[in-house]
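Consider the single chain below, provided in structure tokens and representing the form predicted alone.
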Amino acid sequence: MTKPMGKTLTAIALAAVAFGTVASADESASLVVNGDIEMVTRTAAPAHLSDSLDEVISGWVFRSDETQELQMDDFDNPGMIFVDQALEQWEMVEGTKDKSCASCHGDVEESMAGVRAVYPKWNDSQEKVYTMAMQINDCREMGMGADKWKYTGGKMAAMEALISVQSRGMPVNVAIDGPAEATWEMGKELYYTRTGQLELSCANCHEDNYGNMIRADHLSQGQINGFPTYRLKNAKLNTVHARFKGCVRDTRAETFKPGSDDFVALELYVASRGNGLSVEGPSVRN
């Protein structure tokens, strides 16, 4: 992805049409799941965002009342169907080593508590930043002798949702220092780089224009604490990299491949922008 010299007159005109008037979010919106799990949906921005944002806000706040309500009860949340499917998968013996996820990790509620909150994270043995999807496939290939799953496929999304559920309500706490810093810097560069025929960056929508309407949708800050997320638009669970791919495509640019170094770096950076917000996955969005 190359960095253009500046906005063209055409891009300026398109942006003026795309971004509508400000639509104020409900300042009193409060997310409590099952009447028990209290979620932090607004909090002070992490220190590394001090020059850009004062507050970080979950995408849940920007949704309609009806969509918000779907996430407040697991019986109504359509994403929980896939969590149930993944729970069966957790116990399923596969591969040449005749093992399941449970063979190594035991009870998912105990072993996976807190895991989602710290991913992506630096992997010492592989000497690079790992996403949760990368770790899942490593476990399948090396631990079970089973085939890898498609990076943005249904089984991967469901397993990520199952693991995420065990951390719901915990604060996102992604580390960006030490050996992960270079990857984080790469992700930050991608976040602020204008791309595509529309010459838009992630920041143009999710930092400069959150709270505004774009076409018929209410722009959020693009936080990923709720992923994987069930989108009413396509009636399935969506992974972070699938959403990244769609966003880049919407700028009319050539996108990166899910699981690529570029998207891994972008995921680390975007995840770090939500440090302090609660893990919500699987969330419900438009």
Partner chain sequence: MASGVKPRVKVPKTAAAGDVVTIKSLISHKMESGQRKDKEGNLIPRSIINRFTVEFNGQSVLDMTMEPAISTNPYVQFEAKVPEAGEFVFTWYDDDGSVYDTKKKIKIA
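Positions refer to the first chain, counted from 1. Note that the coordinates shown come from a computational prediction; the quantities given were computed from them, not determined experimentally.
If you look for the form predicted in complex with its partner chain, you will not find it shown, but the lines that follow are about it.
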Joint contact, Glu38, Ala44 and Asn173 to its partner chain in the predicted bound form, by non-hydrogen atom at 4.5 Å: no
Among 189 to 197, 73 to 81, 109 to 117, 137 to 145, the region lying within 4.5 Å of its partner chain in the predicted bound form by heavy atom distance: 73 to 81
Contact test in the predicted bound form: Glu88 vs its partner chain, heavy atoms, 4.5 Å: yes
4.5 Å heavy atom contact, Tyr230 to its partner chain in the predicted bound form: yes
